[in-house]
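Starting off, we have a lone chain in the form predicted on its own, written out as structure tokens.
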């Protein structure tokens, strides 16, 4: 039975590429797939592009290609990435530049676009699309539209498959689902049909287990994490997939980390709100009857994935300018560190009241006590140190910039031991807006373009 080996290359923008290089060198791969995007990443890229229109892609793609292009040519695998973000063509130019600079030729780079619907807002409204926010049920107003910085639909694997059919060695896309890069090679290699729901679901689930780099191989493992060896050279997961959709999760022999039923199960449940209905553009996945079988050291066989008909709509996530955040951090030492931080907070509120200073929102953390657990934090005695973090939201950047000015006098006029005064630069805030669009209105605008690095003349 034919098998396809797919390796994980990246779990987020800024992730280490060491695991990708190990997979490329020693993983006997057919494909190396990267998931570079998240909603937060799109916001970061939107800010980059707003300041520098030639940006908007994940800028670590150049470093990745420097390390991986020679290995791709030597070991004859293909790569798929959504590192294109908001500017896939610019990301392609980076790849072509790196290839030419390294003397690497005879490679085809495909760019998939069509996920960006921001220029099409009026057209889609005229077509009857309901832009009401899925999370808040708020109506889409002209004010929100004017503040939009990006609006991108989640594409599935279909256009990536077509790019592979056209001979692409590297496929660069914008906003695809996290799993599309991993599913596309299976559809292409095995010829799975668009309504082969069970196998498509298995491919999506495989992609889900690989999309977060080392999270299936012992990274971020919350069970017996002390037993994980060699975090510094942790291996990224590899899936060996059979034509019937069953697959085995493993990693490069000798690499750090661990693959067992527990490590795989943690990633299995990550970001899955309904295990019976994990909705993607390609298929609705049901993992309620999945079996994880440890068939050898660092090898887990996955079976039992079921699929249902794909949704008729695609999700769009948009980001809009939503004001500014000003924040300040100050520290207090033992004894009574938490009590001192609370008193400092009280003083700031009284000063604001006296001076009639208001903000749209305020948020307070006591770092060292409740910044991670929030209201679930419990008193563990008198800590050595506590940092008061106060953050404000305002639509007036000057007010956000000036918030920190309330704090320096506390060094002599407030509770004792205040130190480590830290003003964090004012940040622009992005609000998120999501809605559904009929897939035919999106997919009819998806395009694939191909560029080639030919042999030097």
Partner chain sequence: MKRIQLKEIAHARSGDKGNTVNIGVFAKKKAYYPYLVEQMTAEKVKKFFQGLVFGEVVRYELPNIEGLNFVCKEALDGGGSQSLRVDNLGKCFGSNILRFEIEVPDDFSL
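Residue numbers count along the first chain shown, from 1. Everything quoted here is computed from the prediction, not taken from an experiment.
Just so you know, the form predicted in complex with its partner chain exists too; it's not on screen, but the next bit is about it.
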(request) Report yes if any heavy atom of residue 40 sits within 4.5 Å of a heavy atom of its partner chain in the predicted bound form; otherwise report no. (result) yes
(message) Using a 4.5 angstroms cut-off on non-hydrogen atoms, would residue 427 count as touching its partner chain in the predicted bound form?
(response) yes
(request) Using a 4.5 Å heavy atom cut-off, state whether residue 290 contacts its partner chain in the predicted bound form. (result) yes
(message) Just checking whether residue 296 would be counted as a contact of its partner chain in the predicted bound form - the rule being heavy atoms within 4.5 angstroms.
(response) no
(message) Looking at heavy atoms inside 4.5 Å, which stretch does its partner chain contact in the predicted bound form, given the options 47-55, 28-36, 415-423, 391-399?
(response) 391-399
(message) Which residue, 271, 353, 106, 193, is the contact with its partner chain in the predicted bound form, using a 4.5 Å heavy atom cutoff?
(response) 271
(request) Answer with one of 347, 148, 94, 325: the residue that has a non-hydrogen atom within 4.5 Å of its partner chain in the predicted bound form. (result) 325
(request) At a 4.5 angstroms cut-off on non-hydrogen atoms, which residues of 191-223 are near its partner chain in the predicted bound form? List them in order. (result) 215, 219, 220, 221, 222, 223
